[in-house]
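Only one chain is given next, in structure tokens, and it is the form predicted alone.
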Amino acid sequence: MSEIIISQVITGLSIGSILLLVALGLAIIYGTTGVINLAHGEFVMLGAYSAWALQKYLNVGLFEGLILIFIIVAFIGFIVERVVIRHLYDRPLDTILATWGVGIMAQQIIRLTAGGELRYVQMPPSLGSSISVLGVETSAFRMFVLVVTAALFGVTWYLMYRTNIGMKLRAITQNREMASSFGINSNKIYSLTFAYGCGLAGLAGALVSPLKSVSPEMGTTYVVDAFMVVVLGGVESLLGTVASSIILGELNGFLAFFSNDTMAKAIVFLAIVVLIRFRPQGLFSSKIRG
């Protein structure tokens, strides 16, 4: 009985780590710039395709390619922010439509260049086996994803709360006009923030690509999951994003154990809808954008 419980907890943490990996970039972008990025799933998809292309055409493995994938997808995000998003701040409906359009364009470009068929990324051979965690056999690669996600969160938290650029970003988030009066370049900070969030999404796509087939539409599922995490955690709280990822991961794993993945997702989605009705700010949000 104890082994079953431990196994379910580990499964939930594995699911939660992937949810956090996907949602972290979205939480940063929305929590700081107010942009509802419906193309976030497509940046996850671009990361997965980058991993596939590097592996297929340049013989670069997943390990070696992670930093390059982050740079590639972050640069694409930087261009999108400069060309499209920059002109739509404080216009939420317009940003929704614009990012939705960017997502559709990204899917079509991938279909035209890489094809519409399913692609597959090889898992690093050193992580293809199982390891024992508290006496329970679990995938070494999933544990690797869990460790990388924790590390990325640590880096993100440090950038947000222990660096000069993080201080400027928080100042802009609280009051953009006052921050600008002190000489803070809000346009530059927003561009870097958007690029960083997109880069994290690209890393998420690269890391889940050995677990899921890669296709132009794969981002749709991930963006729904990411929004559920952000809504549950509260858009202003990084720690809330972590907590909500763990909660949803454990809940998905527990419900899937007794039913199936589809039913588990449906129940979780319904629970979040009910939560929004009674606590629209999320479970962990205590601040309001200024």
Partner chain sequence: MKINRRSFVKGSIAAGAFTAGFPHIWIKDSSLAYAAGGEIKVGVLFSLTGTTGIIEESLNKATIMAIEEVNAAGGINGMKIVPVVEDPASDPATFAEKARKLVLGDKCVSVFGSYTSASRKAVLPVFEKRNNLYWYPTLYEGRECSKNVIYTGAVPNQQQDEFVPWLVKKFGKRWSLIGSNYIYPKEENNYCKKLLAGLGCEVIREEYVPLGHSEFSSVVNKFRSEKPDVIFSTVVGDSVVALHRQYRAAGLNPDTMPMASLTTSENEVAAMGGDAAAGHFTSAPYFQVWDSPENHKFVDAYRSRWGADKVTHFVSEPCYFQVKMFAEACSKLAASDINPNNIREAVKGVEMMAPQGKVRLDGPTLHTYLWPKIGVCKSDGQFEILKQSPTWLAPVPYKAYENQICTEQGLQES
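Remember, it's a predicted structure, so these values are computed and weren't measured experimentally. Numbering follows the first chain given and starts at 1.
Although not depicted, the form predicted together with the partner chain is the subject of the following passage.
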query: Partner-facing stretch of 155-163, 173-181, 126-134, 186-194, counted where any non-hydrogen atom is within 4.5 angstroms of the partner chain in the predicted complex; finding: 126-134
query: In the predicted complex, residue 253 touching the partner chain (heavy atom, 4.5 Å); finding: yes
query: Contact test in the predicted complex: residue 101 vs the partner chain, heavy atoms, 4.5 Å; finding: no
query: Residue 94 within 4.5 Å of the partner chain in the predicted complex, heavy atoms; finding: no
query: Proximity of residue 111 to the partner chain in the predicted complex, heavy atoms at 4.5 Å; finding: yes
query: Full three-residue contact with the partner chain in the predicted complex, heavy atom 4.5 Å, for 231, 237 and 280; finding: no
query: Heavy atom contacts to the partner chain in the predicted complex at 4.5 Å, residues of 18-36 in sequence order; finding: 18
